[in-house]
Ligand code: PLP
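In the form predicted on its own, a lone chain appears below as structure tokens.
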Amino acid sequence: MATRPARLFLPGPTEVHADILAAQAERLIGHRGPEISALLESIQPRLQKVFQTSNNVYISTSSATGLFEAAARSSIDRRALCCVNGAFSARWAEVVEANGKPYDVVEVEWGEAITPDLVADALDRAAYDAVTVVHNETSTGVTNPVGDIAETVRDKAPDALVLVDTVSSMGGIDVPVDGWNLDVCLTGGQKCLALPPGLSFAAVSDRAHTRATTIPGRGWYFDWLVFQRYLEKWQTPTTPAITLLYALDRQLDRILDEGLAARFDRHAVMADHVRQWSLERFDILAPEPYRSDTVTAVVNKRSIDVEAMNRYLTEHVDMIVSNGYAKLRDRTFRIGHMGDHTVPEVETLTAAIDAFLET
């Protein structure tokens, strides 16, 4: 039997509470029967509370990248502006291209933020009917000012849909979907929502629905209109991951019992500890004021061996962190302080890294 894996302080997937894991052991139900409809009807208003929206929130048995595809197929008609400042914002642009949608890129160095001025300049140069942006770029630990970016888009291109990836921020950083007037806000369950991987979610506005009705070739699996048609019957278009819905059902209660404000505050305190520690011993890739409250990309200026560090952490505190992502693999390592982790746990982690540095 394989050795039990260490606790995950990764930028996703993150550690899942034992009670949430146990929820998946319930007996299965049919995916077209009244039990699944009752479950989905119960889940929807709580998802809307987490997303802070009155829009419908669709559930997809896929990674959040699948919902990139949904946004590309169902929300982009003429031309998109893709804001790129890391690996996952670049992936969204790749998905837009792969689906045959015309697009342009506004791009900054990895570790920098997309600012409203950059978006405004791009919108002055060409006409777009959609703008894609990642709120919290998991590869770099940069939080883009999406609220201000969305306001800029509304001012400069009122008909453009604002499509936002909140994969590593929803449930950990305040994202008021209706307050920011976002048209598509998508996320995955395995990060701040602290669920096992396998579910993704998208809050979709009426404007985005109207747009979808005018776009041919939307496919089927990721079509907003198909999602809506089935949601009206409290169903999903295809067989869902039923056991993950059980986990979601229980975790939504845990999140709302904690309270969104308290949850955001806990993430901020964890982030502040990791940032202070990182600045004293290493450096942080993201500049102020764009440092993430859920993942810190630590600049590895000591050139430590992250694999060796993780072996030490596993042996001494049963924890691991992540190496850098893609071209930042050797330049950074990343600490995920998200989901249901606590401040004392994060303090234990950084103390253990200190002990490793002294070996």
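Just count from 1 along the sequence shown to find any residue number. Source: prediction; values computed, not measured.
As for the form predicted in complex with the named molecule, it is not shown, yet the points below apply to it.
- [ ] Indicate whether the candidate residues Y58, S74 and R211 are all in contact with the named molecule in the predicted bound form, with contact defined as any heavy atom within 4.5 Å.
- [x] Zero of three within 4.5 Å in the predicted bound form.
Open item on the list: To verify the annotation, which of these, V50, A64, I320, L328, has a non-hydrogen atom within 4.5 Å of the named molecule in the predicted bound form?
Closed with: Exactly one listed residue reaches within 4.5 Å, namely A64.
Task: Contact residue in the predicted bound form, from T132, T140, N144, S168 (heavy atom within 4.5 Å of the named molecule) - done: It is S168.
TODO: With heavy atoms only and a cut-off of 4.5 Å, decide whether S278 touches the named molecule in the predicted bound form.
DONE: Contact check for S278: no, nothing within 4.5 Å of the named molecule in the predicted bound form.
Task: R91, heavy atom within 4.5 angstroms of the named molecule in the predicted bound form - done: Yes, contact at 4.5 Å.
Open item on the list: Is Q190 part of the interface with the named molecule in the predicted bound form - any heavy atom within 4.5 Å?
Closed with: Contact with the named molecule, yes.
- [ ] Report the stretch among 107-115, 213-221, 190-198, 245-253 that approaches the named molecule in the predicted bound form to within 4.5 Å, counting heavy atoms only.
- [x] Correct option: 190-198.
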